[in-house]
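Shown below, as structure tokens, is a lone chain in the form predicted alone; questions about how it binds or moves come after it.
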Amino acid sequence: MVRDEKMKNIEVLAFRFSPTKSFFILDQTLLPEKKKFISINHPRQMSKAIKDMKVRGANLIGITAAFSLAQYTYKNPKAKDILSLARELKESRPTAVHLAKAVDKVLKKKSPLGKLKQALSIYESDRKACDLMAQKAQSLLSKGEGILTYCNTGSLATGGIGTALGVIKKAFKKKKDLHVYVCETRPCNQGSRLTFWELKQENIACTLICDNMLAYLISQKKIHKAFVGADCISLNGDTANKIGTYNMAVICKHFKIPFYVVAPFHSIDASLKKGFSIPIELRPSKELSFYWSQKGADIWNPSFDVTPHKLITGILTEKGFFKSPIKI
């Protein structure tokens, strides 16, 4: 048994973790119809859960991958497959830079106990970053505004209240009476299934729309600002986020709607000068052919797109606001 005041159990919306015993993740593919936790006993099982999007969100997959690898190392201190398992975890979803960074941080710690402490530190840092970003962003919001968001960036995607959705939750607690417009986020519907569900749990006023209703909705003068997340940010301020974010940014620019990206500082990849260098994950074709059984169809299914920095009003991290170019 680990004896250290930092070795505490964690139970949040998206996962439950006991350092020396159990690790469960909430299967997000079943939401909102069913709330089921899955036991994770091996990093390879964690890699598959990330690939299958049972656990998802740029921040959360980094946190859970770190926990999985650290716990496996603690239970199997003589295991010789740590490096190969770490590589599998990092390759499970290549666009989200935090995943690789989190796994590497765990690997750098020499002792199994050190690895566990590092995983817990990654979680705590994310939780605090979410709170800081949410607080810093309140100056951008006015009472009664209509807010547009995309995909899911809340407690189901992070270790805290969320990034872009965390901003909205904090504003609700401050009684700013916002109305949130949620895009369904095709093809896996993280907006309609997850974000809409999170907002309803918090009793935050929200309306669900199809992705292709954006331009018409904004033309009706219902939207004042847009807040989205990011899985990776290049040094020139281009951001990779869920496919469809680029569309939203273009439309917001046309209507002169402020478009903000909210993401932790670790989302910035200092090795990437421009967005076209960000690796874009291609998802299985079945995500598009599922409903209509289009067997043998030629399908292109990128999971992310890159929004050019010229379309972004500002990037908010826990360390403050950034615009192009980003200096770190």
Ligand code: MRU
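Heads up: residue numbers just count along the shown sequence, starting at 1. Bear in mind that the values here come from a model prediction, so they are computed numbers and not experimental data.
The form predicted together with the ligand is left out here; the points below concern that form.
Residues within 4.5 angstroms of the ligand in the model of the complex, judged by any non-hydrogen atom, belong to 227 to 235 and to none of the other stretches in 111 to 119, 167 to 175, 227 to 235, 139 to 147. Comment: the ligand is not present in this chain, but in the model of the complex one of Ile278, Met53, Leu31, Leu26 has a heavy atom within 4.5 Å of it, namely Met53. Taking non-hydrogen atoms only, Gly57 approaches the ligand to within 4.5 angstroms in the model of the complex.
The ligand is not shown here, and in the model of the complex it never comes within 4.5 Å of any heavy atom of Asn301. Remark: Gln190 counts among the residues lining the ligand in the model of the complex, judged by a heavy atom distance of 4.5 Å or less. Remark: Ala102 does not count among the residues lining the ligand in the model of the complex, judged by a heavy atom distance of 4.5 Å or less. The partner is not shown here, but in the model of the complex the stretch 141 to 165 reaches within 4.5 angstroms of the ligand through a heavy atom at Cys151, Asn152, Thr153, Ala157, Thr158, Thr163.
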